[in-house]
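One chain follows as C-alpha cells, the form predicted alone.
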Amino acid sequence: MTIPTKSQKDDSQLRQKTMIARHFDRLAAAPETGEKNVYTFVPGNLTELLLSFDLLPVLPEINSLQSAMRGKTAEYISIAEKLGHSEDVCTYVKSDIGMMKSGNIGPTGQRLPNPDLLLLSYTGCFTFLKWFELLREEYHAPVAMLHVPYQPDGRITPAMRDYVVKQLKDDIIPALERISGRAYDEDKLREHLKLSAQAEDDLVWVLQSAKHKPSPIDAYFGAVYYVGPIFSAFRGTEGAVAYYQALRAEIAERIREGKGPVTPDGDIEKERFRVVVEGPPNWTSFRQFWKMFADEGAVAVASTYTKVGGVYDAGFRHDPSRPLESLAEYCLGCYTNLGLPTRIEMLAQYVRDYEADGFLINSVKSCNSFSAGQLHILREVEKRSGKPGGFIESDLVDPRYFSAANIKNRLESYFQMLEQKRLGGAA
C-alpha cells in the first residue's frame, strides 16, 4: 500500500464534511438569526419532525465523536471527572459535560447555542436519561421525553406502536409547537419523510454493495462517513437525497473498476479478509485503528454500529402515508432497542450474507448499550455461523483506554488464525 503524505478521502467523505461544517455554521449563527434548536440523540431521532417545525437538530454524541477525532476529548473528560463524574460513566457524556464547561465550543471551534428544548427519545440506552438530566440542570431548558418500549423478541406490536404515536400527539408535537411558535403541519412532515425514504434506498444499496468481491466499501470505518448525514441533521432533506445519489454513483464506479475501499492511506490493494464488526469504533485513534485493519488487507463488509441510527437494510423505510406511525416504528426498530437474540441473529446473518471469514467485537468500556452481553454474542454467533470470532477492547472518546499495542497484537493474531484456517481448508 502506498503511504501518502496526508490522509486520503474519497469525494463522499469530503461532501459530508462540508455538509456538517455548514450545519455547525448555522448553529453558531442561531443566536443572531433567531433559529431555534433542539438537542436530541442519534438512535430514534425525530429529525423529520423537527425539520417540519424549522428547528435545528443538535446531537451531543456527534459533538463528542467529532471532538475526539480532533483530539479534544481528553481535556473535556478530565474536567468532567474533576466535577465528580466517575471513570465508568459513558465518555460521550463526560466529553459533552467538559465541552459545555469550557464554553460550549463545538468541534469546529464555534460556540454551540444553548438548547431551546431537550428532546429525549429513549431507545434502549439508560444513559440518555441521566445525560439529559445533567443538561437540564445546566441549561435550565425544558425537556420532552418520548418513551420507546424495548423490543425484547424482535417484534413490534400494534400496542407498542400506538403507545409511541400517542406520546407524539400528546407530548412531543405540543412541545415543538411551543418552542417553534408554529402549528404542526402534517403535509410538511410527509414531504420530509418522502425525502428520507429516497435517501434510505440509496444508503442500503451502498451498504449492500459490500457483498461484491472485492467489497468497494469498508462498512465499519468508511461507512461511518456514509451514515453521517442520515444519522444526524440531514435525513429528510434534499441535501441528503443528493448526497446519497452521488455516493451510490461513486460506489457503482468503484465496482465497475474492481476497486476495494478507500482508506486514509489509499486504496486497499488486495482484500485478504472479510469481517463483520460489532460495536462502535474508537474515535480518538480512528485513523490508527482503521490502519490496523487495512494493513492486514482486512475489510469490514458489515457492522452493527452503522445501524444505530436505523436498521434500514432489514426493510424499514420512513413512510409518508403513515407519518406518525412510521416515526414510531423507526424509534422502536433502532439497534440499541433490540434484544440480544435479535442482535445475535442479525450478526450471524451478516456473516452468511456477506460471505465473511469471521467477525470481530470491539467492546467499548463505557458503553453498556453495546458491551453488555457481548461475550454471549461471541459464542452464539460462532455457533450459528461456523466462523471464528475475535474480541478487542477500547473506548469511545477516552484516549486512556486505547492500547494500540494490545489491539494490534490481538488483531494480528486473529487474522493469522483466519489465514491458517483458510490454508487448512484448502489442504
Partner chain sequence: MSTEGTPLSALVERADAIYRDYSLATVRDWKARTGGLAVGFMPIYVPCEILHAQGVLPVGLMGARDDLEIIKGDAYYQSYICHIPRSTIELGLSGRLDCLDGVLFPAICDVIRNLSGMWQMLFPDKLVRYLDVPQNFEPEIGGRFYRHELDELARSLTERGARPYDAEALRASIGLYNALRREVRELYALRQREPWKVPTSELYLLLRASVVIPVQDATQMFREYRALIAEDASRVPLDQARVMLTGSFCEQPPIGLIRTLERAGCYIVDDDFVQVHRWIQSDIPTDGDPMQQLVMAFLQDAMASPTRYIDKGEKGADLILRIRRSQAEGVLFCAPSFCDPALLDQPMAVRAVERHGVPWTAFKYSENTGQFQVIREQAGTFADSIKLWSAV
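On a predicted model such as this, the values are computed, not experimentally measured, just so you know. Residue numbers count along the first chain shown, from 1.
From this point on, the text means the form predicted in complex with the partner chain, which you will not see here.
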{"item": "Stretch in contact, per heavy atom within 4.5 angstroms of the partner chain in the predicted complex, of 243 to 251, 160 to 168, 319 to 327, 218 to 226", "value": "160 to 168"}
{"item": "Lys72 within 4.5 Å of the partner chain in the predicted complex, heavy atoms", "value": "no"}
{"item": "Lys387 within 4.5 Å of the partner chain in the predicted complex, heavy atoms", "value": "no"}
{"item": "Touches the partner chain in the predicted complex: Val364 (any heavy atom, 4.5 Å)", "value": "yes"}
{"item": "Heavy atom of Gly103 within 4.5 Å of the partner chain in the predicted complex", "value": "no"}
{"item": "One residue of Arg136, Lys259, Arg182, Lys213 in contact with the partner chain, assessed in the predicted complex (non-hydrogen atom, 4.5 angstroms)", "value": "Arg136"}
{"item": "Contact residue in the predicted complex, chosen from Gly333, Gly279, Gly124, Pro113 - any heavy atom within 4.5 Å of the partner chain", "value": "Gly124"}
{"item": "Candidate spot Val89, Lys130 and Arg379, all three touching the partner chain in the predicted complex (heavy atom, 4.5 Å)", "value": "yes"}
{"item": "Residues of stretch 141 to 161 in contact with the partner chain in the predicted complex (4.5 Å, non-hydrogen atom)", "value": "Val143, Met145, His147, Pro149, Tyr150, Pro152, Asp153, Ala159, Met160"}
